[in-house]
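Here you get one chain, nothing else, as structure tokens; it is the form predicted alone.
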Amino acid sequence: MAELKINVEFSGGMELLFKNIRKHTLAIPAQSKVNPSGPATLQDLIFYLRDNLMTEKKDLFVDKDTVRPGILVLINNVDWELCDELEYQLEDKDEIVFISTLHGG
């Protein structure tokens, strides 16, 4: 099965949910698990992160089928809202950044 190399970074406190590691290089299946007849999407990556890298408090990252409100997602330095959000088809060597915009005060 073909794989995609995806660079993932967490910031703004998100790294605390991922073993306190900010940057990860992942090899994920190029075929979608959500839609097996299609290519891997950002939603596949989110589920992969939740199921394979998170240690606890998964509800602080994922709400139903997407990231929680208050998490900014960048795809190759572009806001995911300009890139089809969950439907974005991942490409080899993509850089995906998750930034929490919610902070205590």
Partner chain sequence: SFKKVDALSKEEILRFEQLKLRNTTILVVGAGGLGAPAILYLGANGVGRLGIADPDTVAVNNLHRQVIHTEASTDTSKAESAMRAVHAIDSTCEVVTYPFALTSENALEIIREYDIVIDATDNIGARYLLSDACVLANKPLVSGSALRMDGQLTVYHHNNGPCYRCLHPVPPPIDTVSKCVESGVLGVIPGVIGTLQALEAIKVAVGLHNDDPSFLIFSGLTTPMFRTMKLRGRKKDCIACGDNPSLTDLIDYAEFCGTADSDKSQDLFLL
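Residue numbers count along the first chain shown, from 1. Note that the structure is predicted; figures quoted are calculated from it, not measured.
What comes next is about the form predicted together with the partner chain, which is not displayed.
- Put simply, Val78 is close to the partner chain in the model of the complex: some heavy atom of it is within 4.5 Å.
- Using a 4.5 Å cutoff between non-hydrogen atoms, Lys93 does not count as a contact of the partner chain in the model of the complex.
- Interface residue remark: Pro69 is counted as part of the site for the partner chain in the model of the complex, having a heavy atom within 4.5 Å.
- At a distance threshold of 4.5 angstroms between non-hydrogen atoms, Leu86 is out of contact with the partner chain in the model of the complex.
- Of the residues given (Val34, Leu26, Ala30, Leu74), Leu74 alone sits with a heavy atom within 4.5 Å of the partner chain in the model of the complex.
- Scanning 9 to 31 for heavy atoms within 4.5 Å of the partner chain in the model of the complex gives Glu9, Ser11, Gly12, Gly13, Met14, Glu15, Leu16, Leu17, Lys19, Asn20, Arg22, Lys23 in sequence order.
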